[in-house]
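Shown below, as structure tokens, is a lone chain in the form predicted alone; questions about how it binds or moves come after it.
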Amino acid sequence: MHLSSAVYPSLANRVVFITGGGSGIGAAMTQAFARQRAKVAFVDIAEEASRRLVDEVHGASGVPPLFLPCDVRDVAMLAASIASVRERLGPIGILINNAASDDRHRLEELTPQQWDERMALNLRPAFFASQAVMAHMRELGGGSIINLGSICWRIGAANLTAYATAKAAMHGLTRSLARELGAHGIRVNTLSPGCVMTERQLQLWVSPAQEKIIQATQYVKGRILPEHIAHCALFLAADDSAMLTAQEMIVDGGWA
């Protein structure tokens, strides 16, 4: 499903780098920015799904996004991917730190190794990707960094302690980066989704009974779709939000 959306002239030809851009919310962002005629590059660990997305976007827009296979837990690989995008498309003006995994765990069973792995996926890449694009954005005279958060820590979701901790920390990272980078015209914001009905969520976590509970909790009824999150990202990336920084935008139908 594609929702109608605004056209942002400032996004045309701007280089956008999306982590985890091959499926779910990330794929919706890849598609949305491509429709804005941005130069889209994305990394993902899921190669088959990502290559299908490239073909789909190419067919719809005539211009394929640039896909680079990458495990964002590997900081050196992530930095190399960012360097490759600069070489092939130009300096990155928009960074979307989207890659994450909300795998559940029982509190008493979480090991130190599992804790570290969850931070290595859900928090650490956002800092090092931001660090890597700083020079790009300074060269351009500004830029927009969008960190994907979550409402899970606000609502106290169970079996997500490590993920919730990382997502809460994402907004702390946003606030710190916004202070450090604001003088260079670089804006940093958090985009926090509610329960987005991606294919993965519906397969793994959201049963019909659970969806009824979610609908009863949301002020605005109806499913939150990946496109709803992508449309907010377009606004945060565009010049239309030029003086908006260090903020958390929550798209959850009024839950949190």
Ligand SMILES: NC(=O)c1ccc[n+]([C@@H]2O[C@H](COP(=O)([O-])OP(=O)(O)OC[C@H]3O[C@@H](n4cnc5c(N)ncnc54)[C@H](O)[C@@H]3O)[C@@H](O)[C@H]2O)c1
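Computed from a prediction, not measured in an experiment: that's the story for all the values here. Each residue number is its position in the shown sequence, starting from 1.
Not on display, but discussed next: the form predicted together with the named molecule.
- Listed range touching the named molecule, judged in the predicted complex by heavy atoms within 4.5 Å, from 163-171, 137-145, 82-90, 178-186: Looking at the other structure, the answer is 163-171.
- Any chance all of G24, D44 and V196 sit within 4.5 Å of the named molecule in the predicted complex, going by non-hydrogen atoms? The answer is yes; G24, D44 and V196 each reach the named molecule.
- Query: Looking at H58, R200, R37, R52, which has any heavy atom no more than 4.5 Å from the named molecule in the predicted complex?
  - Reply: Selected residue: R200.
- the named molecule contact in the predicted complex: D116, any heavy atom under 4.5 Å: Residue-level check for D116: no, no contact with the named molecule.
- Message: Can you tell me if R73 lies within 4.5 angstroms of the named molecule in the predicted complex, counting non-hydrogen atoms only?
- Response: Yes, R73 sits close enough to the named molecule in the predicted complex that at least one of its heavy atoms falls within 4.5 Å.
- Message: Can you tell me if A99 lies within 4.5 angstroms of the named molecule in the predicted complex, counting non-hydrogen atoms only?
- Response: Because a heavy atom of A99 falls inside 4.5 Å of the named molecule in the predicted complex, the answer is yes.
- Query: Is L121 a contact residue for the named molecule in the predicted complex, using a 4.5 Å heavy atom cut-off?
  - Reply: Answer yes; at least one heavy atom of L121 falls within 4.5 Å of the named molecule in the predicted complex.
- Query: Along 126-160, which positions have a non-hydrogen atom within 4.5 Å of the named molecule in the predicted complex?
  - Reply: The stretch touches the partner through L148, G149, S150.
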